[in-house]
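The chain below stands alone and is given in structure tokens; this is the form predicted on its own.
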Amino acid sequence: MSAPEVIRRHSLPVRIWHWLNALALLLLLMSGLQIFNAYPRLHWGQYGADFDPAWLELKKWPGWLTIPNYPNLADGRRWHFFFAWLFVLNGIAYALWTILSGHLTRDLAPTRADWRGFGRSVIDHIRLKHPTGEAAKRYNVLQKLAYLLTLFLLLPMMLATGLTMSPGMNAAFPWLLDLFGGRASARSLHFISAGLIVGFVAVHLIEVVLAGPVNEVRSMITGRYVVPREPDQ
């Protein structure tokens, strides 16, 4: 049997962006839950208060899921804002690199062949069948679409709605309130965007475990990826 094929799967900028974002997203989520606990209800419109109808009301999140782990809205906001700017700057740098380096068109933009194989890719994911051989060296169409939607839709939406909730930003850019239909609507959209991103991360982690966590994690640390063999090899 021949030696397994090893390729350079992830470039250094991708690996740096991945781990910085993993840290920032975790701390943003935990500090965001602390902020949410101060008022665990969501509304639509310009305003939302105790006597206004809420479209969603949740119980407060436990302390072990929040930063800090005790009720403190001010500290939660400090953590959230600090890591929000780290996340934003990291995201802008990655987006620029993705476009200027050709990574976007070369690796992430779906091709005609990808679209023709869309149905097969869906079936393979449902069957938990992971690519091998040449197919494992590139992203499949569902991965590409998930990355593009997260990078260019969900993350900008989360940033823009977060800014809309800031009174200082409202004074500087009042059109943000009109764009999202008010601060209460922006808060709801911020929560929905964050929830979808958490869902994306959860599916991503499940796929990593199913595809082979050692190989997948190693490739994101060192860039070296052992290509899974074809079934008949």
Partner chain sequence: MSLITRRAALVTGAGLLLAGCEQLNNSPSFRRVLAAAEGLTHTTQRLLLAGQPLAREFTKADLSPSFRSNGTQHPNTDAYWADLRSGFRNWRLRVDGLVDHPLELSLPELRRLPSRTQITRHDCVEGWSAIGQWTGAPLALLLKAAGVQKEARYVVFHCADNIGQTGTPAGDYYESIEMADAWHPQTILAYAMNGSLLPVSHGFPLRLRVERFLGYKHAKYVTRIEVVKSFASINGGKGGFWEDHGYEWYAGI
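Quick caveat: nothing in here was measured; it's all calculated off a predicted structure. Positions refer to the first chain, counted from 1.
Although it is not shown, the form predicted together with the partner chain is what the next lines describe.
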{"item": "Any non-hydrogen atom of residue 75 within 4.5 angstroms of the partner chain in the predicted bound form", "value": "yes"}
{"item": "The partner chain contact in the predicted bound form: residue 55, any heavy atom under 4.5 Å", "value": "no"}
{"item": "4.5 angstroms heavy atom contact with the partner chain in the predicted bound form for residue 67", "value": "yes"}
{"item": "Residue 187 within 4.5 Å of the partner chain in the predicted bound form, heavy atoms", "value": "yes"}
{"item": "Position in contact with the partner chain when the complex is considered in the predicted bound form, options 35, 198, 192, 205, heavy atoms within 4.5 Å", "value": "35"}
{"item": "Location of the partner chain contact in the predicted bound form, chosen stretch of 99-107, 141-149, 80-88, 112-120 [non-hydrogen atom, 4.5 Å]", "value": "80-88"}
{"item": "Sequence-ordered list of residues in 19-43 near the partner chain in the predicted bound form, where near means a heavy atom within 4.5 Å", "value": "26, 27, 30, 35, 38, 39"}
